[in-house]
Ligand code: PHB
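In the form predicted alone, a lone chain appears below as structure tokens.
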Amino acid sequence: MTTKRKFIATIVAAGLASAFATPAALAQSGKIKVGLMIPATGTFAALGTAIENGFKLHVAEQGGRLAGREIEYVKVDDESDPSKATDNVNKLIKRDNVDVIVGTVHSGVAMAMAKAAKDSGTLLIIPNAGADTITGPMCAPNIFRSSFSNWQSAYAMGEVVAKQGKKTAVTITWKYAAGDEMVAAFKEGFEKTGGKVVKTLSLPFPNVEFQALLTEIASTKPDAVFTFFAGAGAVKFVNDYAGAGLKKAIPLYGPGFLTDGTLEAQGENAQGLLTTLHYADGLNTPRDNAFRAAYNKAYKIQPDVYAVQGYDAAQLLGIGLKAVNGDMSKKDALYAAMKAARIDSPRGAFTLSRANNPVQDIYLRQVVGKENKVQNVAVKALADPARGCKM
């Protein structure tokens, strides 16, 4: 009877403890629900996979928990389709009740995500999409980037090309937010340093019929061509550019997305291309070497910039959660800790700007074999100007 009474007493005590537990205590003991809104199909599918792999690698390194709390994933394929973005993100917020949203690649989709996050107060961490507006006029205390702004790598390349003595350039990209902003930033850096953009060419996303525009480039005969494409579009453009005989005639430059995650398919046509980005192969630092070894062990492939950005999104979230002991209801303290974070990234340590965008080194890289080998630092600790941010 004594044993039975003790058992009943234990059950009652546990029930009372649960009944009178504070909401904060209950919140800290449950799972943190992470909504992964990234492309799983289409042009940017491989990029989405790398981001997811990187995020999950860091969580796995922490034993599947951040600040002691288990991580649960809810995944949505955004299809890189802005027309579906609002519905997709609202499903995560209103139906799935996620604690934080991580995504995405496509800038047009990310714009809708940022609006929904701002309206609902949901924490959003962007592991790629660089739309300047998000950390410009749309900036908010609950919106963070672990990646870049479109302005950063393109502006840096403008300076590089001008300093190489090129006087004229043609730009070519998809006609959407990321393409427009990359071209504008390149023009700013190029013309500020003495060059002149003589023609701006574009085609609708995700169109990859480049032939007519390549003919126009050939007839214009600029000193350089700056381009922004990524994923399958980058593969097709680099191969078509070389196939049209332009690679040997007019040097091709771009932000690193032109050759990151695409070199296998671009093959010989990519060799020697110069790009600027916040990550590169051959950094050969202890931090990067350890990351690359762990990623390769987990996924049997070498990481790229997208994997780094996903990994750092998890690091950023972890720093914020640690500061509040896993209690996501303490939003002001959570965001303050994230904003003040110094991220020990494989790319090199970085901090965040007043607009919650990375302040980071931009590397000049060259394609050598199957690597984007670092040549030097094109611009040190480059901060996006965050034009229009009132935060």
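These numbers come from a predicted model, not from an experiment. Residue numbers run from 1 along the displayed sequence.
Separately, the form predicted in complex with the ligand exists; it is not shown, and the next lines address it.
Although the partner is absent from this view, Y253 stays clear of the ligand in the model of the complex, with no non-hydrogen atom inside 4.5 angstroms. The ligand is not drawn, but in the model of the complex it has no heavy atom within 4.5 Å of M113.
Remark: P127 does not count among the residues lining the ligand in the model of the complex, judged by a heavy atom distance of 4.5 Å or less. Mapping the unseen interface onto this chain, F55 falls outside it, with no heavy atom inside 4.5 Å of the ligand in the model of the complex. Proximity to the ligand in the model of the complex, defined as a heavy atom within 4.5 Å, holds among F228, F186, Y311, F144 only for F228. Proximity to the ligand in the model of the complex, defined as a heavy atom within 4.5 Å, singles out one entry of Q315, N150, T275, T173, which is N150. Contact here is defined as any heavy atom lying within 4.5 Å of the ligand in the model of the complex, and by that definition each of H106, M182 and F257 is a contact residue. The stretch in contact with the ligand in the model of the complex, judged by heavy atoms within 4.5 Å, is 127-135, chosen from 215-223, 95-103, 127-135, 284-292. Taking a 4.5 Å heavy atom cutoff to the ligand in the model of the complex, the one contacting residue in 305-328 is Y306.
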